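Quick setup: one chain, the form predicted on its own, written in structure tokens, and binding and motion questions come after.
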Amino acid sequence: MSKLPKDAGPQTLAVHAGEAPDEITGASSPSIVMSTTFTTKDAEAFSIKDFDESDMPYIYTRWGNPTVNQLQDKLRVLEGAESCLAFASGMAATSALLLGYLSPGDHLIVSDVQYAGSAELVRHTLPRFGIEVTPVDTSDVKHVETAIRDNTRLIFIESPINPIIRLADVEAIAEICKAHDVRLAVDSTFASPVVSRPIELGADFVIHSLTKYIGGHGDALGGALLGPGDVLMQLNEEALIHYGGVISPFNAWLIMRGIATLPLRMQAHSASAMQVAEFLESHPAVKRVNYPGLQSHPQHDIALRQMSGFSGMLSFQVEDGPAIAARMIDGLRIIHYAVSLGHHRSLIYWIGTDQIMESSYRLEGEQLAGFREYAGDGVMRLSVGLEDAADLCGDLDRVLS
């Protein structure tokens, strides 16, 4: 790793952290080490438990790879974490933490709304393994504290939350966790380390889908789990080596290349998203806009405290969303009607409330009412890319008017 000044800025860290010129070739850019296996100096050892990593740091790419390690070092520095593990996807990182850290009889508190894949994992899979799960509205810290039990081991939240862009007060929840000896994990995919750094706010673990803002170009799947070195060392053996959710060195290299422009991209995403959000909020066809940068957002004050910029994600309500979504498929000229987010291209997708309740959340009562406050019968989830904001507003106006 290059010897950087301790006070190096975020853009300098994004370019140089985890990297150094190649000692043999002098290459300035990181090399891609695609080899799956490495020659060893030990004639007998076969399990990773038997190898001395200080003498033989690389044995088999599922156990460790130079390119992947560079990516992990860069992410660790950017997030301010002790350690980082990179995975094949964001869901692989989430599964590694939940399945590797929790055991039968443990209790998990999760947000009642979160990324659909995570929501389905905690609701459908974890209970089969004897892990108790309680979904709560994490925008209200009282609900979080009330849900804590003697066997609660982890609280897992998102901020901002997918897809309704609701926030959680990470610092306040972290204080509750410390008071009850419970660990806190934050999925910070919508923010990236540029916009929010949950570990500085008191969180223990941070999860990213590297596929999104950190990679930034929609061409490489990846995920990351950051946190205490001792815990991640244990998870490396069980949740990465044994579960096998290993990131390709080529994907690690692509994502590392994307990180070099992450601070610049996040500034542009945030600036354009604010312009688009203000345009949508004034549009007669739009009923509500959810964007942390707007003063109308219920948690705008939290956004000001724990976010640097407001990222490029927003959602908005319209009348007859399915009909407008159908118009978008053929009518949009710049924005792509597609799932995913955080790419340099703008992406939009309709998420119907009834459909996602049936497939992922299954909320009732106050929790369902809380979701509908942000989503109504459904939301258009918009990932604002790097195009000119005026062009994006014009594109949206064509299909909304």
Ligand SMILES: Cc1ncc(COP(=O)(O)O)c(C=O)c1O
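From a predicted model like this one, the values you see are computed outputs, not experimental measurements. Note that residue numbering begins at 1 and tracks the sequence as displayed.
Not pictured, yet referred to below: the form predicted in complex with this ligand.
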field: Interface segment, criterion being heavy atoms within 4.5 Å of this ligand in the predicted bound form, picked from 237-245, 275-283, 134-142, 187-195
entry: 187-195
task: Would you confirm whether the three residues Y115, L221 and L341 all fall within 4.5 Å of this ligand in the predicted bound form, going by non-hydrogen atoms?
output: yes
- prompt: Considering this ligand in the predicted bound form, which of S111, S315, S311, S209 comes within 4.5 Å of it through any heavy atom?
  reply: S209
query: Just one of E158, D169, D204, E79 has a heavy atom within 4.5 Å of this ligand in the predicted bound form. Which one?
result: E158
- prompt: Do V182 and this ligand come within 4.5 Å of each other in the predicted bound form, heavy atoms counted?
  reply: no
query: According to a 4.5 angstroms non-hydrogen atom cut-off, is T152 in contact with this ligand in the predicted bound form?
result: no
message: Taking any heavy atom pair closer than or equal to 4.5 Å as contact, tell me whether N162 reaches this ligand in the predicted bound form.
response: yes
task: With heavy atoms only and a cut-off of 4.5 Å, decide whether P263 touches this ligand in the predicted bound form.
output: no
task: Let me know which residues along 84-100 have a heavy atom within 4.5 Å of this ligand in the predicted bound form, or say none if there are none.
output: S89, G90, M91
